[in-house]
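What follows is a single chain, given as structure tokens, in the form predicted on its own.
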């Protein structure tokens, strides 16, 4: 295996239509040049953001069986990335995978996908938050949004934030034991948003335009693009910039297509993402 091609495991659901979760993680991580393996936590006909009556197949019982087979085959991973997990039981399975299937070395990325806009996703409660917090504190790099960071730290969610509030959030996560923190959705102005990185003791904010359209799957796209870049050896700060710019371009491609309300046109931006990776390595 080359220095840049790694074996990555992505653990999250498959929404067969909807451009989120594994249906974006697999192509983006593969485009980054990595061998991308998957562990589906569930299979849905579509995501739940606007579709009605979707099918849902829970794969919780399959997760430890798949992991046990990999363990017997002596398969190990250079990185493990988690996204949406549907229950505390699934989080426990992921914690077991962290203990048994990590290579030497291995980077673990956790996107605690459980809330947005000040509210938990449907079906989650504070017991789930407690379980997710255990997983977050086992990760090398975490990618919460503002709502998720508030839930993990006990801070009261605010519609608007200022530098002092964001500083308090990331420092509270660090004090609890979190590693590198990539906080998304950091917005100090109405028409701007960005990413705050805390790596070691260094804080870094990258801001970019806030486009007037909310799109499903952008968090998953950012997380995959970020992990793909990091595992190419690109520094965390530069990986965050690259992933944010990629996500922004994907949304821009979708702005004038009202029929495509359920996701973003990320596929056409993959060639430019690959070029950005190569450019950042030079």
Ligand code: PXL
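Worth saying up front: this structure is predicted, and the values here are computed from it rather than measured. Positions refer to the first chain, counted from 1.
In what follows, reference is made to the form predicted in complex with the named molecule, a form of this protein that is not presented.
> Just one stretch in 234-242, 48-56, 29-37, 61-69 has heavy atoms within 4.5 Å of the named molecule in the predicted complex, so which one is it?
Checking each option against the 4.5 Å cut-off leaves 48-56.
> Whether residue 121 contacts the named molecule in the predicted complex should be assessed with a 4.5 Å heavy atom distance threshold; does it?
Taking the distances in the predicted complex, the answer for residue 121 is yes, it comes within 4.5 Å of the named molecule.
> Taking heavy atoms and a 4.5 Å cut-off, does residue 249 contact the named molecule in the predicted complex?
The answer is no: residue 249 has no heavy atom within 4.5 Å of the named molecule.
> Answer yes if any heavy atom of residue 98 is within 4.5 Å of a heavy atom of the named molecule in the predicted complex; otherwise answer no.
So residue 98 does not count as contacting the named molecule.
> Does residue 269 make contact with the named molecule in the predicted complex, using a 4.5 Å heavy atom cut-off?
Residue-level check for residue 269: no, no contact with the named molecule.
> Heavy atom within 4.5 Å of the named molecule in the predicted complex: which of 84, 128, 77, 206?
Only one option qualifies, and that one is 84.
> If you look in the predicted complex, which residues in 16-39 sit within 4.5 Å of the named molecule (heavy atoms)?
In sequence order, 20, 21 come within 4.5 Å of the partner.
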